[in-house]
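Below you'll find only one chain, the form predicted alone, shown as structure tokens.
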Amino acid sequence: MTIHEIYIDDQECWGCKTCEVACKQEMNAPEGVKLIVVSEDGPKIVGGAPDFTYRINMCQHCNEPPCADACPEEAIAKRSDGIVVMDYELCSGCRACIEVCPYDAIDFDDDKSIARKCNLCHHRVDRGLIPACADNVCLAHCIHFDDSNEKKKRDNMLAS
């Protein structure tokens, strides 16, 4: 079984927020709901010039997702390929998953009274595509989507 993983290199992020736009369009997220967030740290003065650091926050698709354990409706589940998905039809809006997420990566849709999280565009992945936010849309190429075998190959190449 192929295990899918997302890798984020914050050091390479420009803060353009193209990933946020791509996600919002792909997932048809309502105003105020973000499934991926780019935040800015700074400016800090480095060598007399302002310097900014950007951080990308999204669901990390935990090995043992606390959000799934906390959900009384069993609306969140980890697939065999490593993607943690939420079934919005089952969500009761209790917010238990939001409270336990260690990454603060689950948002609340006030219009529908349900929690929303990144499902890693599993509808795209199931068709052999990558998530909307990753590689080809990320201008800085700091969001990567691989299967675990590809990551191991890349890590081995970097180590040698």
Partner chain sequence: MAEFKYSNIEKEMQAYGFDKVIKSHCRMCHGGCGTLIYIKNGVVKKIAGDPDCPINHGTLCSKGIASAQLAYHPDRLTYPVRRVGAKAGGKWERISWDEALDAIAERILNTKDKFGAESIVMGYGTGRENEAAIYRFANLLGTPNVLTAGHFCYGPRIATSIITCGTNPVVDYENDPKCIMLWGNNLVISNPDEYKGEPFSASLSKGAKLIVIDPRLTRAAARADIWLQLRPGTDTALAYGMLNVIVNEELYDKEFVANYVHGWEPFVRRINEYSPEKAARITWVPKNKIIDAARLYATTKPAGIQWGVAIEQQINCADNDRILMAMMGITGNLDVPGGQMLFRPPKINNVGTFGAHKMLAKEQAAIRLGGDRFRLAANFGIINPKCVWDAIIKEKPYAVKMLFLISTNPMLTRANAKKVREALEQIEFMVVSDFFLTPTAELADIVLPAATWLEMDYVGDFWKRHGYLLPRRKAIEIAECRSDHEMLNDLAHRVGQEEYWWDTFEGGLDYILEPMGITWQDFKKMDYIRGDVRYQKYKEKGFATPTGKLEIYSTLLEKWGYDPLPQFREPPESPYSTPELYNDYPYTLITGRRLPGFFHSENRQIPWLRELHKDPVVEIHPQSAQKEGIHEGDWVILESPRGKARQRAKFFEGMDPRVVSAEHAWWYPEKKDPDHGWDESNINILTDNSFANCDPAMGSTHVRTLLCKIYPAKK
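The structure presented is a predicted model; accordingly, all values stated were derived computationally and were not measured. Positions refer to the first chain, counted from 1. In this text, the rigid core denotes the largest set of C-alpha atoms whose superposition between the two forms falls within 1.5 Å.
Although it is not shown, the form predicted together with its partner chain is what the next lines describe.
Contact with its partner chain in the predicted complex, judged by any heavy atom within 4.5 Å, is made by just one of 40, 110, 99, 69: 40. Remark: of stretches 60 to 68, 88 to 96, 110 to 118, 31 to 39, the one touching its partner chain in the predicted complex is 31 to 39 (heavy atom within 4.5 Å). Although the partner is absent here, residue 20 is a contact residue: one of its heavy atoms lies within 4.5 angstroms of its partner chain in the predicted complex. None of the heavy atoms of residue 144 is located within 4.5 Å of its partner chain in the predicted complex. Within this chain, residue 46 is remote from the site of its partner chain in the predicted complex, having no heavy atom within 4.5 Å. Although the partner is absent from this view, residue 52 contacts its partner chain in the predicted complex, with a non-hydrogen atom inside 4.5 angstroms. Contacts to its partner chain in the predicted complex (heavy atom within 4.5 Å) from stretch 120 to 141: 123, 124, 127, 128, 129, 135, 136, 137, 138, 139, 140, 141. The two forms, fitted on the rigid core, differ between this form and the one not shown by 2 Å or more at the CA of residue 52.
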